[in-house]
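First, one chain by itself in structure tokens, the form predicted on its own.
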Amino acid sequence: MKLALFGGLYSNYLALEVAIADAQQRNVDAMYCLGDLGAFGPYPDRVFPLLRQHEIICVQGNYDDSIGNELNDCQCGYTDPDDNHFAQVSYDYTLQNTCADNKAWLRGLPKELGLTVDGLRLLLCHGSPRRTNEFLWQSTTSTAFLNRLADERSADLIIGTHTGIHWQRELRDLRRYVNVGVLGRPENDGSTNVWYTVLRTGSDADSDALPCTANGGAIPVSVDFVPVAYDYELLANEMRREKLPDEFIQTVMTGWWTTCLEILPSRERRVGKF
């Protein structure tokens, strides 16, 4: 099996279009989105037709829960006042510009999905199986904690997003955790591209792929983190047209985060420019 896994879209329909086309060229069997369809970018309603047209199965992120239920904020999990200020600006814009039908659709999304693929038990979530808006960072998330989550949920692979930065880790008993990254904005690395992930199992995996537990056996699994180059200048122009913050536009144009920085652990923050 080949599965395309999209992290937070953040209204970036331009990157979503490119990722879908790329996934189709790779002959994936199915496409999944792990939540946070809105936020950050312009014209949030533009991602929904693409998701429906291409039968992309979605998990509900914290943003989707908030927009769908018209809550007061995005439940993003930030603690810094500046981060919360920009989060509120983004949330208010997205709430105002998401139509009633799409809000109703967001309300009905599942908070997680359990799949069985080639005998592998996959758990698809947004932040973590424990909490939708939990940040699982590579530098601060212990393997022991991930093992416990996998034990509690009887999962061979736990697949999430929310942090905005892709990574993976091998766990005990040939299990694995994968953060698929996001399509909505760059990864704070000075590159304008965004990311999605292709999971390949069984005969579709590489010949030297690491195995993963499956019903007492072992199935090879390949995880491909795929960079997506899209028309970021068009996205930036549309953000200007919608009067979104210059800080958001600067991130799109440079690949460096200018907001939501305080939540970053020191190791991930040191990679950045600010």
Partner chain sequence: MSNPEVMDTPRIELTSLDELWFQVAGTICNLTCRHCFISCSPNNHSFEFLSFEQVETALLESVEQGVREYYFTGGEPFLNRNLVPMLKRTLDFGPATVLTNGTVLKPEWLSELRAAEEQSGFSLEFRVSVDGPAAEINDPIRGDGTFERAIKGVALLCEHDFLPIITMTQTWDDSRNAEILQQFRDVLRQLGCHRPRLKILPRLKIGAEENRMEGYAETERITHQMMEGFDRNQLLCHHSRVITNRGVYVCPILLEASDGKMGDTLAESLHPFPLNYGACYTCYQFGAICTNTTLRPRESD
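Computed from a prediction, not measured in an experiment: that's the story for all the values here. Positions refer to the first chain, counted from 1.
Omitted from view is the form predicted in complex with its partner chain, to which the following refers.
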Selected contact from 102, 84, 192, 133, since only one has a non-hydrogen atom within 4.5 angstroms of its partner chain in the predicted bound form | 133
Select, from the options 145-153, 117-125, 174-182, 92-100, the stretch whose residues sit within 4.5 angstroms of its partner chain in the predicted bound form by heavy atom distance.
-> 145-153
Contact test in the predicted bound form: residue 76 vs its partner chain, heavy atoms, 4.5 Å | yes
Is there any non-hydrogen atom of residue 238 lying within 4.5 Å of its partner chain in the predicted bound form?
-> no
Answer with yes or no whether residue 264 is in contact with its partner chain in the predicted bound form, where contact means some heavy atom within 4.5 Å.
-> yes
According to a 4.5 angstroms non-hydrogen atom cut-off, is residue 168 in contact with its partner chain in the predicted bound form?
-> no
4.5 Å heavy atom contact with its partner chain in the predicted bound form for all of 24, 54 and 187 | no
Heavy atom within 4.5 Å of its partner chain in the predicted bound form: which residues of 90-113 qualify?
-> 111
